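What follows is one chain in C-alpha cells, specifically the form predicted on its own.
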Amino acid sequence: MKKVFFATALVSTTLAVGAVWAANTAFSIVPTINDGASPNTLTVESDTDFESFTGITNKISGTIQFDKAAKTGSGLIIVDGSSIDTGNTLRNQHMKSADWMNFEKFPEIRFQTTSVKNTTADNYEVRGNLTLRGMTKSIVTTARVRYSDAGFAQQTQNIKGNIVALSTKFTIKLSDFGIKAPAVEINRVSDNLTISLRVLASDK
C-alpha cells in the first residue's frame, strides 16, 4: 500500500513539474522602459520611383502567450493606426481619411495569430489574421522571439519579470484592403507596404 501511495505521489509530482515547465505564459506588451521611452515600434515603408516615406508609431499593445520549453505560443497585437506619423501633416490627414486607411472610423490595426511553428533557434513561422480598415486578411510571416529571464530584464531594461522580445517584417498590398486611392494609381504611394514590428513583453 505504501509503495502504491509513493508511486502515485511521484507521478503526480512529476506531472505537476512538467506542467509548470510546459505551460504557456502570458506576456503583456510593456508600454515604457527606463526613462519613459517606449520599447515598441511599428514602421510602415512606401517606396516608389517618385516618392518614398516611412510612417512610425510606438502606440502598441497586446498579449503574447509563449511556452519557452515547447517553443510555441500565440498572440494578439493591437496598433493605434491613427497615431502613425509619416513626417507630413497633410499626408497624415489623408491617411486617416476614408479614401485611405480610414483610421477615423477604424483606428486600430490588429493581428491575431492562428498558428505558430518554430523553425530554427529563435525563429518562427507565424500565420494569422490582419485586420486593417475594417477588413481581415490571412497573412504568413516569420518572427524572431527571444526569451530573457527576470534578472537580465531588470538589469538592462528596468523591467520587472521575464520578458520576450518579438520582431517581424512583412509586406501587405493596399489593394487587398480595398485601398485604390489616386496616389497609388499614379505610383506616388506603393501598393506594397512593408511593415516592421518590434515589441517587448513582460510576464509581470
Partner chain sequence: MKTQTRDPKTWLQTTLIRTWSIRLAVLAVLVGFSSWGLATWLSKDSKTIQRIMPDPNAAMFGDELGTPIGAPLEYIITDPKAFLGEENGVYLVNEKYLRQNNIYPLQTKTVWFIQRSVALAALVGLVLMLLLWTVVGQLNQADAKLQHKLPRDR
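Numbering follows the first chain given and starts at 1. Just so it is clear, the structure is predicted and the values come from calculations on it, not from any experiment. Superpose the two forms; the largest set of C-alphas matching within 1.5 Å is the rigid core.
Note that the form predicted together with the partner chain isn't included here; everything after this is about it.
Residues placing heavy atoms within 4.5 Å of the partner chain in the predicted bound form fall in a single listed stretch, namely 83-91, out of 96-104, 128-136, 110-118, 83-91.
Taken together, Ala26, Thr63 and Lys68 are entirely out of contact with the partner chain in the predicted bound form: none brings a heavy atom within 4.5 Å.
Interface membership of Thr142, defined by any non-hydrogen atom within 4.5 Å of the partner chain in the predicted bound form, is ruled out. The partner chain is not shown here, but in the predicted bound form it comes within 4.5 Å of a heavy atom of Leu166.
Shown alone here, Arg146 lies within 4.5 Å of the partner chain in the predicted bound form, counting heavy atoms only.
By the criterion of a heavy atom within 4.5 Å, Asp176 is excluded from the residues contacting the partner chain in the predicted bound form.
Of the residues in 184-204, those that come within 4.5 Å of the partner chain in the predicted bound form through at least one heavy atom are, in sequence order, Arg198, Val199, Leu200. Taking the rigid core as fixed, one finds a CA shift for Asn187 of 2 Å or more between the shown form and the other one. In comparison with the shown form, the Cα-Cα distance of Asn88 and Arg188 increases by at least 3 angstroms in the predicted bound form.
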